[in-house]
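Presented below, as structure tokens, is a lone chain in the form predicted on its own.
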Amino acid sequence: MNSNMRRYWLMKSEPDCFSFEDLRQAPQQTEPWDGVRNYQARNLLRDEIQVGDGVLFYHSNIKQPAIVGLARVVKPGYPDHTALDPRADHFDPRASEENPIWFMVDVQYLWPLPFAMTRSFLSEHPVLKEMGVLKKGNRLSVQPVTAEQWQTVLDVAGLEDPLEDQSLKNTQGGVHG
């Protein structure tokens, strides 16, 4: 894939619901990013996020929220089946097969960062301090990251871009976003 067309995202998950380690241990290290119930984030999942895009995996709602690892999108947006299941935590009685309302993508584990990039770390970095996750009132569980911010995370972590060499596999699996 032409890296100029690739986009980058930060996806938040509470580690007690679904952690980066859970993604690593999933079959084929791949899971759907399900359970997103915000219309703006839904639109990104449905319309913007594509196979090959990079993901910064962010642990939220913990003492030290942080970017902890890298993942990639391996399946573009499709209806979130958990909205249709009355037994699921993310059931939405308004959703139906004909009108799914909510969408998800599949993400695949790439590798952990050598250290967690906490909010305080991000806010002190000249490039990373502009990330949407640090903006007051921004609670989106899925949000865009610039190519410069993606590359800066890699540079600070001392990592090569894992998206440049890896073949993409369409896989399926249930991440709670």
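Residue positions are given as counts along the sequence shown, with the first one as 1. Keep in mind it's a predicted model, so treat the numbers as computed, not measured.
There is also a form predicted together with the DNA; it is not shown, and the following applies to it.
Interface residue among P112, P65, G52, P144, judged by heavy atoms within 4.5 Å of the DNA in the model of the complex: P65.
Of the heavy atoms in R94, some are within 4.5 Å of the DNA in the model of the complex.
The DNA in the model of the complex comes within 4.5 Å of a heavy atom belonging to G137.
At a distance threshold of 4.5 angstroms between non-hydrogen atoms, N61 is in contact with the DNA in the model of the complex. Among heavy atoms of T152, none comes within 4.5 Å of the DNA in the model of the complex. Only one listed stretch (104-112, 144-152, 33-41, 124-132) carries heavy atoms within 4.5 Å of the DNA in the model of the complex, and that stretch is 33-41. Residues of 108-128 that come within 4.5 Å of the DNA in the model of the complex, judged by any heavy atom, reduce to R119 alone.
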